[in-house]
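One chain is shown next in structure tokens, namely the form predicted alone.
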Amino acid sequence: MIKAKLFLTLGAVALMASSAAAQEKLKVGIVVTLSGPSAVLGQQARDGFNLAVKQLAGKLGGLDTEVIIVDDELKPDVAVNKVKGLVERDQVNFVVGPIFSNVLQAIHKPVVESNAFLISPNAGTSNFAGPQCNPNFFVTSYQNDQVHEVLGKTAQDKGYKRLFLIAPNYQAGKDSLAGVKRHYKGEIVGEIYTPLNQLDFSAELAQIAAAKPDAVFAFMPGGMGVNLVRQYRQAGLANIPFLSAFTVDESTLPAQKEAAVGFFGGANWAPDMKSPQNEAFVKAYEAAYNSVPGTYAMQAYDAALLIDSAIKSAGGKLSDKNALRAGLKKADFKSLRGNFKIGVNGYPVQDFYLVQVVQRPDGKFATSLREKVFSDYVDVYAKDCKPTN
């Protein structure tokens, strides 16, 4: 009898150990820019993702979740090496990142050809939205052109006859100006591509002053945007309407302050969007990080919710890639921005808005919704995507 009880006890312990071993653990690699002039963009994405994981009690899809964070240093070669470490050594199930499009183009292949899914919380280049779309690549932000299209349409609708364009010389910069031109039919009186991470814009501002445009469109994220806006105001050009994307937002406003007030941007969301879910997110983010969240934080938060929903849809089975992929496509979660679904190419279908910089009653600076410009907007490249799964 004693031997029988001992056998049963040992058997129960073995069964419990076996069950615990069978419980899968989720690994997520975060690859974003965390150093240099544009570090704040990556910090917002990292913090937004971590906030979601924290609010879900450290679990995504009900699984204990380990988040491994690496800095791509805004260097494609560095990013490739670090991503290979994530998928080969750490064997992550998902890679979330990056911020910049030149980094996305470098890390895309090593991730989508591995055993992991790539979820971009920001970069969304045109090539991966069309013929090069991939069933293992999903985006929670936008296709790069779309946010810039908001300002092109705004410039057209406001009757600006002469527009000056400025952007960094890399894929997202090219996508941005293509986006503006898609809806703007007036005269382009100047078009400048600057080196990535340029911080002195005196020569470009002199060209703007000489051209005397009706408005300026600028795409200058991170530290580039901080300096451009300050120098634009100091150059006495603030009487020329300033339209932008990712140039005046919650990642740059703490440094730009009053210099950015009144300037316009395009976005898929703003902190003052009215919904209980969004208001709770903004409050929690500000309490945790003492800063106003921008789209980088919101989109990374949504990336965590997307992963959470996909794993739940797959019944917690990380080994079932087809079920996970189906769950990612379904996107069965409530986005902070409201209307949201995943299109045929893995990019979102969503609304876009014109926003304007304001100083809040508490003294902090933020963007504020002004008007909806596009509803349920599908990017123009999606029609060229022929999904294989």
Partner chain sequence: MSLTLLYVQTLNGLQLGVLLFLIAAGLTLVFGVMDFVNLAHGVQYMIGAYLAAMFTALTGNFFFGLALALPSALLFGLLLEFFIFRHLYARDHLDQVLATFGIILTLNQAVKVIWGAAPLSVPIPEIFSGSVVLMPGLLYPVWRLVIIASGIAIALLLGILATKTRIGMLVRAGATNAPMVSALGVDIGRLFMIVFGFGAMLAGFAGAMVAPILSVEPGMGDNLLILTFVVIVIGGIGSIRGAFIAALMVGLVDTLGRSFGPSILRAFLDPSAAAQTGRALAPMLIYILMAAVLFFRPAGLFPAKK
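The shown structure was predicted, so the numbers you read here are calculated from the model rather than taken from an experiment. Numbering follows the first chain given and starts at 1. In this text, the rigid core denotes the largest set of C-alpha atoms whose superposition between the two forms falls within 1.5 Å.
The following text describes the form predicted together with the partner chain, which does not appear among the structures shown.
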| query | finding |
| --- | --- |
| Contacting member of 237, 288, 188, 280, with respect to the partner chain in the predicted bound form [4.5 Å, heavy atom] | 237 |
| Residue among 198, 102, 313, 114 with a heavy atom within 4.5 Å of the partner chain in the predicted bound form | 198 |
| Partner-proximal stretch of 80 to 88, 253 to 261, 268 to 276, 123 to 131 relative to the partner chain in the predicted bound form, 4.5 angstroms, heavy atom | 253 to 261 |
| Partner contact for residue 207 in the predicted bound form: the partner chain, 4.5 angstroms, heavy atom | yes |
| Residue 136 within 4.5 Å of the partner chain in the predicted bound form, heavy atoms | no |
| Partner contact for residue 62 in the predicted bound form: the partner chain, 4.5 angstroms, heavy atom | no |
| Close approach of residue 230 to the partner chain in the predicted bound form, 4.5 Å, heavy atom | yes |
| C-alpha of residue 310 moved at least 2 Å between the shown form and the other one on rigid core | no |
| Core-superposed C-alpha of residue 165 shifting 2 Å or more between the shown form and the other one | yes |
